[in-house]
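One chain comes next, on its own, written out as structure tokens in the form predicted alone.
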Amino acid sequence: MQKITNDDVDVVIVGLGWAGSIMAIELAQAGLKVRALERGPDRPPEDFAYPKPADQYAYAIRNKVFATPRDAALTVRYNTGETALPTRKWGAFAPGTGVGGSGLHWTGVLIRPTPTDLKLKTYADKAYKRGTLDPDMRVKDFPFTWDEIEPHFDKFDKICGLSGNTGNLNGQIQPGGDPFEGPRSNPYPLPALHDTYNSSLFAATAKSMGYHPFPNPSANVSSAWTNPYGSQLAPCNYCGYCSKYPCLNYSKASPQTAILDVVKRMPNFDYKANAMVIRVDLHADKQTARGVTYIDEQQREVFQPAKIVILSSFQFANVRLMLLSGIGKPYDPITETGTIGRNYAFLSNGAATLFFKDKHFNSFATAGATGEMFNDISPGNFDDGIRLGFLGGAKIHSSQSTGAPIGTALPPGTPSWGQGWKEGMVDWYDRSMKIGITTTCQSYRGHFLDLDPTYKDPWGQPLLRMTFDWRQNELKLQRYLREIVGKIAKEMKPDFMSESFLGLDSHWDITKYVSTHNVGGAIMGDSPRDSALNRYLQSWDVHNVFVPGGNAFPQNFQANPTATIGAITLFAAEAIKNHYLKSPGPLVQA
């Protein structure tokens, strides 16, 4: 294989999704020479001009803008006694790839965690008697305060043109918003999206039962918006093609629409697509990186020298690259030593589907984030979890992300193919709505990521191996939430209803889609003893390597992760600009 070396840069960014794009523009604006390397193809906005993305089979069924298992497979097992097997088809999750990453085709729900979510261990230690919770649970606090991170949430809200109702403005509860949210320094930039019929019915019923519903916080903008970088987004036209689709209307905040059009015009930034980074190259002392090595489109091995390395790929890829490069010590669940791979967490969902003979929901007219939710059942907001012995919660919502026909819900007993399915579609298309849950998921001693000893990728490197299954804590939470959803559904008086919740004996089913909100594996913390990164996402072991992404979360909360990924990335970028450039070295002393 031919080997070449590129010109020096100040910063090399591995992965050009949300985190990589934020780092790119923030560090390029500081005058640094920045180069991004993206393993997937380029995805310019003109590729998604109307009506190209309005194709359910190509984008939602064949996963046109997702990574292929050939390029991003990992192996999976329930416990260390099993042999992990590779993912040959995406099921429970589906990572993105290409310029924009998962941020190109996300749904656009942009909700912050609560202050309690960020200090979950402190809350659990205070609220639960010793011995109540699973002894293998390993939840941790995020290593910053609400006041420290809030300005960065606020900036990311403005980058995305967040649309919704403010719930807590400087400590004052506001009508129509989430009364449980942490204090905001500024109101939402834009008003909420219009409600759909299902979400208005859900909100009215939930409110009558004492809950506090509010419109889903949305990065599908409700009005024209110009963000702090100068990018312009158009008002959403409710086309119904959002989750799993690039936006055809320039209305969904994404790396392309919110950042890349600006940074690509800067002379000190460039990027290379189809560049598969295979390792971070370290100096002989193993305490600093000297660049990265990647395979380019012509299958050449290319060394990219850089003073700072940003690993900002999807969570799995960041963890794997640290393991392949010898950055930090791999986690050992037996001795609980090592930090790379620990605290992996996923999440669960569930739903009741309600069918009405006398209602049409116009489900085809919607934005991705359209819906209403309530946060009454999240940690610190209710006491039943303490009584029943589980830690966690969920956002309970009725959302309407698409009305595309393939996979539309039909009443129980309807054939899934042929004449019976066609008759079912004629009778029931557009006559159903869902009440769903998106839950927390705690971290455990035995849930982790490491390198698989058997399976390798096309370049001969080990695949990442995941060890994960549901624990009783999460299954008890599911059963509790099922009761709440059932009571709301009963109050709405559907003609038929079906449901999909986990039972107490359920195992994780990797074949059915849940979410792509995978977190952990290279977490942030206060100590190098049990975390891979400090509060600025800087490697404790190699100080010029920063790793923004969902990998930094110590556990998963009920809020979607993008708002937090944006905030912690901005927090880290500020620390690099204001402190690291002046005095390169550890930003936090171990």
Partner chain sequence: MMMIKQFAHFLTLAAALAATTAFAAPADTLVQRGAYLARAGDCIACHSAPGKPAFAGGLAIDSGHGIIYSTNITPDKQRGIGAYTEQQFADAVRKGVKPDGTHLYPAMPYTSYAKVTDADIKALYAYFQAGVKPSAYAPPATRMDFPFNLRWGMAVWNYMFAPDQPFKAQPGWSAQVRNGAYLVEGLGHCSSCHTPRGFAMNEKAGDSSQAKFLAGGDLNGWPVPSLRGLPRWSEAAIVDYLQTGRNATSAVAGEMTAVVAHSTAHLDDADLQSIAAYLKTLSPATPRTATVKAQGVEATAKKLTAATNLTLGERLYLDNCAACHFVNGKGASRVFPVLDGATVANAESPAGLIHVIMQGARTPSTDKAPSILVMPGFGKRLDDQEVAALASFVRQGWSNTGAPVTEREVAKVRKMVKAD
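Residue numbers count along the first chain shown, from 1. Predicted, not measured: the structure shown is a model, and the values here were computed from it.
Another form exists, predicted together with its partner chain; not displayed. Remarks below refer to it.
Site annotation in the predicted complex: the residue of 231, 438, 467, 402 reaching within 4.5 Å of its partner chain with a heavy atom is 231.
When its partner chain is considered in the predicted complex, residue 267 lines it closely, a heavy atom lying within 4.5 Å. Among residues of the shown chain, residue 60 is not one whose heavy atoms approach its partner chain to within 4.5 Å in the predicted complex.
In the predicted complex, residue 237 approaches its partner chain with a heavy atom inside 4.5 Å. Among residues of the shown chain, residue 475 is not one whose heavy atoms approach its partner chain to within 4.5 Å in the predicted complex. Contact with its partner chain in the predicted complex, defined as any heavy atom within 4.5 Å, is confined among 61-69, 48-56, 521-529, 553-561 to 48-56.
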